[in-house]
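Next up: a single chain in structure tokens, the form predicted alone.
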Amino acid sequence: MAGIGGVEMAKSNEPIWWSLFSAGGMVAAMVFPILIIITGILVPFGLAGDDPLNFERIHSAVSHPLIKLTLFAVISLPLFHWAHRFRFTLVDVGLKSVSTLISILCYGGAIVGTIVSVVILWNI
């Protein structure tokens, strides 16, 4: 495949990891503060209504497919954000010689975490 100016372009999977990194960063920046306010301030101080931690209430909410999809995004995308950031941090610290192993461990961990979240959410 000819690239710009007829030069062959190397195929790379980097755009996939960068897109997952940016999506995870967006979720972390936009959703985590809300979750921290709800679970760290509103619920402990009794400002979230009557018995917000009722099992039946939470189970019925989490059983809804849209909530499962939302939880999947909130769990899996930040895992890929972490994997990408941690990978480049370790490489920048001086572990460039084991860059491939670091990539496999970081992205593999994110993939395993994503699979675990799918299995758990599917079984709810």
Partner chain sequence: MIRELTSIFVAGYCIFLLVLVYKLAQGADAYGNLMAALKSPSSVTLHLISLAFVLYHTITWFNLTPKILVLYRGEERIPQGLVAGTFYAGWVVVSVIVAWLVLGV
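Numbering follows the first chain given and starts at 1. Note that the rigid core is defined as the largest set of C-alphas that superpose within 1.5 Å between two forms. A quick note: this is a predicted structure, and the numbers were derived from the prediction, not measured.
What follows is about the form predicted in complex with its partner chain, which we do not show.
**Q** With a 4.5 Å heavy atom cut-off, would you call residue 65 a contact of its partner chain in the predicted complex?
**A** No, residue 65 is distant from the partner.
**Q** So in the predicted complex, does any heavy atom of residue 69 sit within 4.5 Å of its partner chain?
**A** Looking in the predicted complex, residue contacts with its partner chain do not include residue 69, since no heavy atom lies within 4.5 Å.
**Q** Does residue 48 make contact with its partner chain in the predicted complex, using a 4.5 Å heavy atom cut-off?
**A** Result yes; residue 48 sits at the interface with its partner chain in the predicted complex.
**Q** So in the predicted complex, does residue 105 come within 4.5 Å of its partner chain, heavy atom to heavy atom?
**A** Flag for residue 105 set to no.
**Q** Using the arrangement in the predicted complex, list in sequence order the residues of 69-96 with any heavy atom within 4.5 angstroms of its partner chain.
**A** Residues within 4.5 Å: 71, 74, 75, 78, 79, 81, 82, 85, 86, 89, 93.
**Q** Please check if residue 39 moves between the shown form and the other one, taking a CA shift of 2 Å or more relative to the superposed core as movement.
**A** Yes, because once the rigid core is superposed, the C-alpha of residue 39 moves 2 Å or more between the shown form and the other one.
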